[in-house]
Each structure stands twice: as C-alpha cells, then as structure tokens.
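As structure tokens, one chain now follows by itself in the form predicted alone.
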C-alpha cells in the first residue's frame, strides 16, 4: 500500500515515541511533539502505540492514496479534507484508492497526526523511525517529506482488518470517535502546569511570583527545538553565577540573559547551560505542543505528587481508550 506526497506543507515528518538510549552520545530523543495524539491514532488502526506516523504542522500537506487504506487522524484540527469533504477525526477512516487527503489550515491546535494501518514501512535508525532533522537521522531519508515522495505501509493486523472490512461493507464512516478532551487541551489561551526548576530559588522573589502570575505570549520563534516566550517583565537572578551545562529534558523552562523564558521541546539539545526556573509536567506537554504562535500561556505551580497523579490518570485514560477500541474491533469481527 503506497502513499504519495502531493504537497509537503509547512513541515511534515515521520515520528514515533522517540529514540531512547543515545543521549549519552549527544543524540536526542526526538519523537512526536504530542505523544497522546500519536498513540491514540495508532491504536485506532490496530498498530502498536509506538509505531511511526506522520506529524503534520499547521497547514498545506496533501497526500494521495494509491490503494484502499485504513487511517486515523488525531491531534489538532487542521481543517483536513478527504476528496473535498471534511475528514473525520479521532476514529478509523477508510480511504479509497486515488483519494486525496489535504490539510488546509490550523483552526484549532498546531499539529495533526496520521496513522496508517500496518505502520509506515521504513527502517529504524538507532531503534526509532523518528526524524531528527538537524542531524538527518531517521524518518524519510533523515528529512521532512517533500513533494513527490512515496512511502509504503505494512500489513494490517486483525484489529485493523476488522475495521477495514466493516467500513468497506458499510460504505460510510463510523459514528463513534475517541473523546480526547480529558487528555488534550486545544483551547487558547491555556494554563500549563509547572514544577519548580533546579535553579528556581536562585531567581529573586518577584521573578518567582511573576512566573505564575504573569501571562506569556508564545512568539513566532517556536519549533520542534524550543518555544521562545515573551512577558512584560524580565525574570532576574538574585545574583549572577556560573552554571555548567547539565542535562535538560522536554518541557524544561530555561531563562537566558534577556530574562524571557524558553521552553525546550522534543528536538532540544541534550544539555543546557541556562538557569532552569521550571519544568512543565508530562501530562501537559501534548497540550503545550498544540499551541500556535501568538498564543497566551499562564503557568500554574503544582507539586511533584500532583504531577505524578495527573500522569497516571492520563495513562489510565489511554488504557481505557485502548480497551474500548479493541472492543469495537471485536464487535466488527462478530458482525463479519
């Protein structure tokens, strides 16, 4: 089963859940910016949660299907259309041979994910299909997709085939869909929950308060490596100090010399030398990834225990979604 890229859009890459075990060599984890959407897209077509899928950024991407295929579209609403009609999201979708899928513009959220039943047939690089653009590793020849590229999909498993055949027999879309709202916030402005960073107490009292009381604007300098924010008041240290580079992670909030925060995203460097005032909790990273430039952000301080509770709650929600999808598939098999 083959897919052809008619237009690459702003940025379309192949991503999975990341490349682990190589940061000690300076190779970042990378992976999907919004891991919840990628995982659910894969579950909807019968794949493993960690399978590679397409990450579409904001607008312009157009794909043509050379065979009948089962897909799922999740994440931000980028006004996806299938042969000119609005494409269903958060459910399995049958795409007919010759059909064209187009993403017009980011109406809500910044990134959409397309999973293909059977996965994308490309080799792994260092244990992952994720594209690390700056190093040219993984994905489709280590780069973003371009016009004229083609890629193949693998063989569907039993769950994918059950949805595929049921949709063919119905000749219409499923009426059910996954409720993503308990997991993912696509609204703007948005409140993002944060833990104190390792250098939080090195900032003066006013800066500590400002981080959680002042709204910040996401600037246009926002990509898979980092988000630059802009506030009305600079964050300042009690006194200047030398900080050796140390490990950073997805969601680390650093403050450079200009006093305006930078949030490190999935394609961040492995170490950083700026003071770390905060750390976005894991449960809010997918929502953070869906913010568009110029969005307003309000940070909310939480405890480590609260962050752990939110993480576990979301993992349980995804497990419930997985069981629900499997039950739908079993009912399709019974009907067939």
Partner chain sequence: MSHLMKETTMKPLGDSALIVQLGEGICPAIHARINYLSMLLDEHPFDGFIEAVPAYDNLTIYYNPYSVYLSQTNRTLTPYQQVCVYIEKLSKQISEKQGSEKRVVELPVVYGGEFGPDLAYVAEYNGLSIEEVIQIHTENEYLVYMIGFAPGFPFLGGMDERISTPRKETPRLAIPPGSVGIAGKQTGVYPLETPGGWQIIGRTPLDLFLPDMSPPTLLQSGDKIRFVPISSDKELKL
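This is a predicted model, so every value here is computed, not measured. Numbering follows the first chain given and starts at 1.
The same protein has a further form, the form predicted in complex with the partner chain, not shown here; the description that follows concerns it.
*Asks:* For the chain shown here without its partner, which stretch in 145-153, 184-192, 105-113, 224-232 has non-hydrogen atoms within 4.5 angstroms of the partner chain in the predicted bound form?
*Replies:* Result of the contact check: 224-232.
*Asks:* May I ask you to check whether residue 279 falls inside a 4.5 Å heavy atom distance of the partner chain in the predicted bound form?
*Replies:* Because a heavy atom of residue 279 falls inside 4.5 Å of the partner chain in the predicted bound form, the answer is yes.
*Asks:* Consider residue 23 of the chain shown here, and say whether it contacts the partner chain in the predicted bound form, taking contact as heavy atoms within 4.5 Å.
*Replies:* Because a heavy atom of residue 23 falls inside 4.5 Å of the partner chain in the predicted bound form, the answer is yes.
*Asks:* Give a yes or no for residue 273: in the predicted bound form, does one of its heavy atoms lie within 4.5 Å of a heavy atom belonging to the partner chain?
*Replies:* Contact with the partner chain, yes.
*Asks:* Is there a non-hydrogen atom of residue 246 within 4.5 angstroms of a non-hydrogen atom of the partner chain in the predicted bound form?
*Replies:* Residue 246: yes, in contact with the partner chain in the predicted bound form.
*Asks:* Give me the residue from 137, 101, 120, 178 that has a heavy atom within 4.5 Å of the partner chain in the predicted bound form.
*Replies:* Only one listed residue qualifies here, and that residue is 137.
*Asks:* Could you run down 287-314 and flag each residue that has a heavy atom within 4.5 Å of the partner chain in the predicted bound form?
*Replies:* Read in sequence order, the residues that approach the partner chain (within 4.5 Å, in the predicted bound form) are 304, 305, 307, 308, 311, 312.
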